[in-house]
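Have a look below at one chain only, the form predicted on its own, in structure tokens format.
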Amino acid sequence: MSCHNAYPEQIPFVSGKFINVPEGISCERCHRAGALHVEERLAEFTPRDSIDLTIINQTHLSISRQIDVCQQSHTTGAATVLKEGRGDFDFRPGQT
């Protein structure tokens, strides 16, 4: 569910059951939520030579952060071990 779909809406407290499963991978998977990005682009024009901090552009991340984005889908195994307090869909691009 976490690799080939956008973030599904889970049924609270029920493992492996979902209310909604969007088809395909959305922009959010690699670039983080884009609502603020769209809002700011519509509000004012920003020259192309400036860095847009409202959205993740992998070219502005360190190599290790770029790999972290890819690893959310490309390093899965038979079992997933999450850090304490983290859920299956908590990772957002730019995080370690």
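Please read these numbers as outputs of a predicted model, since none were measured by experiment. Counting begins at 1, following the sequence as shown.
Beyond what is shown, the protein has a form predicted in complex with a small molecule; the following relates to that form.
- Contact annotation for residue 36: none of its heavy atoms lies within 4.5 Å of the small molecule in the model of the complex.
- Interface membership of residue 25, defined by any non-hydrogen atom within 4.5 Å of the small molecule in the model of the complex, is confirmed.
- Using a 4.5 angstroms threshold between heavy atoms, residue 31 counts as touching the small molecule in the model of the complex.
- The closest heavy atom approach of residue 54 to the small molecule in the model of the complex falls outside 4.5 Å.
- A heavy atom within 4.5 Å of the small molecule in the model of the complex is found for exactly one of 64, 71, 59, 50: 59.
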